[in-house]
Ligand SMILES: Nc1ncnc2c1ncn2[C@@H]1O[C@H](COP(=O)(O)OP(=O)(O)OP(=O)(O)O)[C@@H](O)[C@H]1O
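Next up: just one chain, as structure tokens, the form predicted alone.
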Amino acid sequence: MYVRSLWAERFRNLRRLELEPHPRFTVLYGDNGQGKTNILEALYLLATLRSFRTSPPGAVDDLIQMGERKATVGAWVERLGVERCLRVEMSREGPGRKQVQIDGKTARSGAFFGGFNAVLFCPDDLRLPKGPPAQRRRFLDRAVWNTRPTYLREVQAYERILRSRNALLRGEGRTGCSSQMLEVYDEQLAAAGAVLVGRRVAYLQDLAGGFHAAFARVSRSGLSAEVRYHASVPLPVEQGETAVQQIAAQLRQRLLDDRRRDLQRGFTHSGPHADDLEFFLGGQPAAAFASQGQLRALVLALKIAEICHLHTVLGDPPVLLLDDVSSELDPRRNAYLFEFLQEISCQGFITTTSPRYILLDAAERRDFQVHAGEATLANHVL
């Protein structure tokens, strides 16, 4: 899987971008604030129809250049020998504020997903073990969705029910109305939530071996590494449909047990929206006992395992988006990252403030200097 060409118009500060990437690595360098990350964001948008920087991630106004009504990003992408043209147009006005096209024809978002997969690695990821739980849930959902495009619809279905239940909780606290609707929402929320929990747990179990092996190579410490899913309810040992039904039953009971507290505070306390991940190093909680270097090695190993797992699932390596990660890693782990990247047959886009930080051979890369939203092919000798 790789990007043959990329273009953007009026996207962030990219007034008109036309880029022909290298089949292996494209290095985007320049001072901060010039538009390097915006190029990665354009690629991520083409893969997910979402931003990794805006809140909410589906919003478009921040992506359109100030003073403009529309913005467009597009790319020619090849996967398993099939080439497609992907295009996303964003508008500040109208009901369809985000329109997608495949090969010049308007398409539904469901048809868009899965044809272009990208894995993002940014400095915020390196703070996962000690960051807020929402950041870890976001990371996990992003990873699951890359392997299973229908997961986004499952998340959205859960979130719709959760919003409705929370609205009812706030109204019920004031009016004392019947609990019949809460029982209906409890049933729906438990069923939808059990699906998410099942997907997340299965993904982490699939990732476990690769994560452990990657950490052993990254750290060379002899310590075992593990990431566990911390759920709102006890989890069954086995996977599968029966396990999902058991989780749903547990969630229904938890919602019932929490009902008084939920009514008092006006929101739902338990469920996958409140679950978490926890990293362990040598059997101890990493957030409390690991050094800064060990924490970053854990996340680096997790991203490497994610990339390898996605390659196995898809039968084709994903495109990698690395946003200034080298500046956050110590020299030894930075060297290991590039050693790993050269071992796998993927295409990567890498941002940096200096091309000399990128430890890749000249034949494996194409460098562009990014300044004021324009990317210029570099002719330097490293």
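Just so you know, these numbers come straight off a predicted model, no measurement behind them. All residue numbers are counted from 1 along the displayed sequence.
One more form of this protein, predicted together with the ligand, exists but is not displayed; see below.
Of 326, 38, 48, 347, which one comes within 4.5 Å of the ligand in the predicted bound form, counting heavy atoms only?
So the residue touching the ligand in the predicted bound form, by this definition, is 38.
Out of 326 to 334, 28 to 36, 339 to 347, 310 to 318, where are the residues with a heavy atom within 4.5 Å of the ligand in the predicted bound form?
The contacting stretch is 28 to 36.
Even though the ligand is not shown here, does it sit in the predicted bound form so that 4, 22 and 82 each have a heavy atom within 4.5 Å?
No.
The ligand contact in the predicted bound form: residue 53, any heavy atom under 4.5 Å:
Yes - in the predicted bound form, heavy atoms of residue 53 and the ligand come within 4.5 Å of each other.
Contact flag, residue 13 vs the ligand in the predicted bound form, heavy atom cut 4.5 Å
Judged by the heavy-atom cut-off of 4.5 Å, residue 13 is in contact with the ligand in the predicted bound form.
Hey, in the predicted bound form, is residue 59 touching the ligand, heavy atoms inside 4.5 Å?
Although the ligand is absent here, residue 59 would stay clear of it in the predicted bound form, with no heavy atoms inside 4.5 Å.
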